[in-house]
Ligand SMILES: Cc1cc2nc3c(=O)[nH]c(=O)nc-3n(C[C@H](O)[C@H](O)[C@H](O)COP(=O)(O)OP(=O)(O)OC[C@H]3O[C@@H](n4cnc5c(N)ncnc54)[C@H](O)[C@@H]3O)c2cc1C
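Single chain ahead, by itself, as structure tokens, in the form predicted alone.
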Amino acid sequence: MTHRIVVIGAGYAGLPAVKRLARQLRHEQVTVTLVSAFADFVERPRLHQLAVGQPIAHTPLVDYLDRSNVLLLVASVTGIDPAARLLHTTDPSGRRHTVGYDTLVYALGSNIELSTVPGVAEHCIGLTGVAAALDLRARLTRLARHGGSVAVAGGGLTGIETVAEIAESYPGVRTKLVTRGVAGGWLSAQARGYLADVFARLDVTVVEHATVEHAEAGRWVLAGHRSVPFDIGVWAGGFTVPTLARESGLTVHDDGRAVVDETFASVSHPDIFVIGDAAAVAGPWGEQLAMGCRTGGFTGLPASNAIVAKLTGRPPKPFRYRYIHECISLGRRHGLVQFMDANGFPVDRILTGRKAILYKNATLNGAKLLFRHPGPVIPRRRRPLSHELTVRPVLAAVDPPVR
């Protein structure tokens, strides 16, 4: 019998994790399967570029998995049965599959929350994926023909980058950013000053200290009997995680992120490891890391190392992390990198302009390089499973996946 490791989710955490797992364990003892709802990897931090008509790469997952001995099943996970160690999935053609596992890695990430504020889902658009970005591109193309306004709600990274990209690409369109606090309020004073200067150059109107109560056709309705009109409303007001972990009985925080120990094992289901934005991993930074690829992408490799250690009878190393930077693109000519201390607080050091754009591009390209070469850097023999490890009988088989 082989030990079945299944990873669900092929993002910045799941992809490097699945490849490192396959690289470190003996193939005759372990099968490693990746379950992904999408056949291609698309960089989510570049969706605002896609929305304004710029090409971004779509890399087939099979390219990243080539020669890795990882099996791929393109399907959405609709349910987890932890007691039976089964996944229920549906592929793009509607066929249902049942996938058995012995160790599960949950890496489903996060996405923009569209349901919290009334009217947003009906009257606005959020950059929740490729389809949404292409929808926004079509709307912007039509709007640019006769002029109009775009109002982006949300003063975080997504909102800032989206409004700047639209303002630069469509100078004839009036752009507004609506934020509950101050745009980029977590940044240093120097960085906020640069951000304000770029918004002024791009003619972006910033509406600060404005709480969106609900959305209607053609306007944001704000607290205090105010409103902001728009022809296109874009929502970037916060992120949420899938409800699957909660529905499957895992212990989660109020926001739905699964509570894990310092090795990313679920505190309620130790055979399930949760990584990326879906995990609430505590440390000096607090109860959980901030969401985003800058943090989630750093959880996949240590989690895979911890899993390998447990399966091969060695003590796993606890997770250690320190914040480094926040990379913000402000169109294609302006960028901003805010450097941070170990716990995520801004320091008085920033990088701006085209150098910041190059820095961010190098960071994102480095992540994709990690997908292909997740280590260990020094080749070594794959480790055998611990003699004490009990391998459960196969309860369900995967339909033949793509190699």
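The numbering used is simple: start at 1 and walk along the sequence shown. Keep in mind that what you see is a predicted model, and the values were worked out from it rather than measured.
One more form of this protein, predicted together with the ligand, exists but is not displayed; see below.
(message) Given that the ligand is not shown alongside this chain, does residue 110 nevertheless sit within 4.5 Å of it in the predicted complex, heavy atom to heavy atom?
(response) Taking the distances in the predicted complex, the answer for residue 110 is yes, it comes within 4.5 Å of the ligand.
(request) May I ask you to check whether residue 239 falls inside a 4.5 Å heavy atom distance of the ligand in the predicted complex? (result) Yes, residue 239 is a contact residue.
(request) May I ask you to check whether residue 294 falls inside a 4.5 Å heavy atom distance of the ligand in the predicted complex? (result) Because a heavy atom of residue 294 falls inside 4.5 Å of the ligand in the predicted complex, the answer is yes.
(request) Would you please decide whether residue 13 lies within 4.5 angstroms of the ligand in the predicted complex, comparing each non-hydrogen atom pair? (result) Within the cut-off, so yes.
(request) Choose from 284 to 292, 194 to 202, 179 to 187, 209 to 217 the stretch whose residues reach within 4.5 Å of the ligand in the predicted complex, heavy atoms counted. (result) Result for this chain: 284 to 292.
(message) Using a 4.5 Å heavy atom cut-off, which residue among 87, 327, 117, 136 comes into contact with the ligand in the predicted complex?
(response) Partner contact (heavy atom, 4.5 Å) among the options: 327.
(message) Under a 4.5 angstroms heavy atom criterion, identify the one residue in 158, 263, 248, 103 near the ligand in the predicted complex.
(response) Answer to the contact question: 158.
(message) Suppose contact means a heavy atom within 4.5 Å; in the predicted complex, does that hold for all of 36, 44 and 77 with the ligand?
(response) The answer is yes: all three residues contact the partner (heavy atom, 4.5 Å cut-off).
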